[in-house]
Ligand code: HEC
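Presented as structure tokens, the chain that follows is alone, the form predicted alone.
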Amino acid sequence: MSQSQSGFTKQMARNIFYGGTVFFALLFVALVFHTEQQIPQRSNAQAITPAVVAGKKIWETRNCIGCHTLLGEGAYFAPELGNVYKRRGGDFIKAG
């Protein structure tokens, strides 16, 4: 069976490959652009207080993520820290 009888030539395969590559590259660029447009509305930047900045610094410098999770991100050796207030109450937080 020759190439012309198969109905699918190398040129056709090359065109499908390049066409698909261009299509998905453009789709990727569109999704990145859309995501970048959504960041200001979803970042909660206005709610970042000095206490939040200090907590983030402690989280990063003490490698808390190595044992704890925070909103599902991190290791699972120690308790989740996103729900400490629910588990321990406000008095525990104020005492710390």
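Residue indices: 1-based, along the sequence shown. Superpose the two forms; the largest set of C-alphas matching within 1.5 Å is the rigid core. Since we're looking at a predicted model, the values are computed, not measured.
Beyond what is shown, the protein has a form predicted in complex with this ligand; the following relates to that form.
- Of the residues given (38, 44, 63, 49), 63 alone sits with a heavy atom within 4.5 Å of this ligand in the predicted bound form.
- When this ligand is considered in the predicted bound form, residue 87 lines it closely, a heavy atom lying within 4.5 Å.
- Within this chain, residue 70 is remote from the site of this ligand in the predicted bound form, having no heavy atom within 4.5 Å.
- The closest non-hydrogen atom of residue 53 lies beyond 4.5 Å of this ligand in the predicted bound form.
- Using a 4.5 angstroms threshold between heavy atoms, residue 77 counts as touching this ligand in the predicted bound form.
- Interface residues of 23 to 59, taken as those with a heavy atom within 4.5 Å of this ligand in the predicted bound form (partner not displayed), are limited to 58.
- Put the two forms on the same core and the Cα of residue 50 is off by less than 2 Å between this form and the one not shown.
- With the core held fixed between this form and the one not shown, residue 12 has its Cα displaced by under 2 Å.
- Residue displacement note: residue 76 has its CA displaced by at least 2 Å between this form and the one not shown (rigid core superposed).
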